[in-house]
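Taking the form predicted alone, here's one chain by itself in structure tokens.
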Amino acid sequence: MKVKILSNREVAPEYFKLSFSATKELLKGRPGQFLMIRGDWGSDPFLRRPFSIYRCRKEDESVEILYRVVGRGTRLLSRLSAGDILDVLGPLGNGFPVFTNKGNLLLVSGGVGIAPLISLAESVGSGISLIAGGKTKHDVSYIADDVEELCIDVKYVTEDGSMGQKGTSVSVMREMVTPNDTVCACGPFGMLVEVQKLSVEIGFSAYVSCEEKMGCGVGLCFGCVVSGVDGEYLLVCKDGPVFDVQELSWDRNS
């Protein structure tokens, strides 16, 4: 479907928030689902790029994504402005479960992996605990207005100590998590591996949103295959991107 960009702002070095007009179908997107997006920039690059839903603003019928400039596609996306047209496919994939006991819900992010977790926090409501981690303050500072608006209890952590506690998301999670908690995490693969290890060690439930390169987003190209615990192949775009950590074979996927 074709949608119109409402704003495309750089909120930190190389990080952008892009808002666009949304149809009723797009506004039904659930936390953890994603969109396949490309701009009107010709045939190079040809394929759409996957982006998690960051916020669904039903009051003004818009959807917001968060992205970091990492390649040609996102570089071209960063050059678009209000009024430009996007080609959007979605919402796609399976999102996070519906949580009723939000008091024991702990969200853990690394870098741009914060995107689906803000969406989840907005869906569940106030009272959410969030660990927002990155290498420097530029990887986390841009969410401050959103977490304040959504009344999210946030703990910032950076590897260089430039914002919040010095360390990693996982090191802070180890200090906070209890066996009664449910953890939802998104970030680099190495971070998700550590979340899985801690879930076994401590005994909490955990769901992870996997970040993989995708070609089609609908399970046709088999470009985002991961190994399930029973040896079967799973598609991040179709079977995920959100998985219970017990569904995946972490040794095979490393």
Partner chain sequence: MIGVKFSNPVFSSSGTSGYGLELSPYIALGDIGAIVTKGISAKPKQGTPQPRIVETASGMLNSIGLQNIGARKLIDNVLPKLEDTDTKVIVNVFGDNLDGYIEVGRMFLNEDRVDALEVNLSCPNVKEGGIAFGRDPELAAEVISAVIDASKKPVIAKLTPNITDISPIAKAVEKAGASAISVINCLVGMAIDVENRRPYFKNITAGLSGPAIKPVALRVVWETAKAVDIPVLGIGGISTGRDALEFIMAGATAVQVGIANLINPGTISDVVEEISDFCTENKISDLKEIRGII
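Quick caveat: nothing in here was measured; it's all calculated off a predicted structure. Residue numbers count along the first chain shown, from 1.
As for the form predicted together with the partner chain, it is not shown, yet the points below apply to it.
Among the residues Ile202, Val225, Val229, Val69, the one placing a heavy atom within 4.5 Å of the partner chain in the predicted bound form is Val225. Remark: Arg30 does not count among the residues lining the partner chain in the predicted bound form, judged by a heavy atom distance of 4.5 Å or less. In the predicted bound form, at least one heavy atom of Met214 sits within 4.5 Å of a heavy atom of the partner chain. When contacts are judged by a 4.5 Å heavy atom cut-off, Arg49 counts as touching the partner chain in the predicted bound form.
Residue contact with the partner chain in the predicted bound form: Gly219 places a heavy atom within 4.5 Å of it. Contact annotation: the partner chain lies within 4.5 Å of heavy atoms from the stretch 89 to 97 in the predicted bound form, the single such stretch among 165 to 173, 89 to 97, 122 to 130, 147 to 155.
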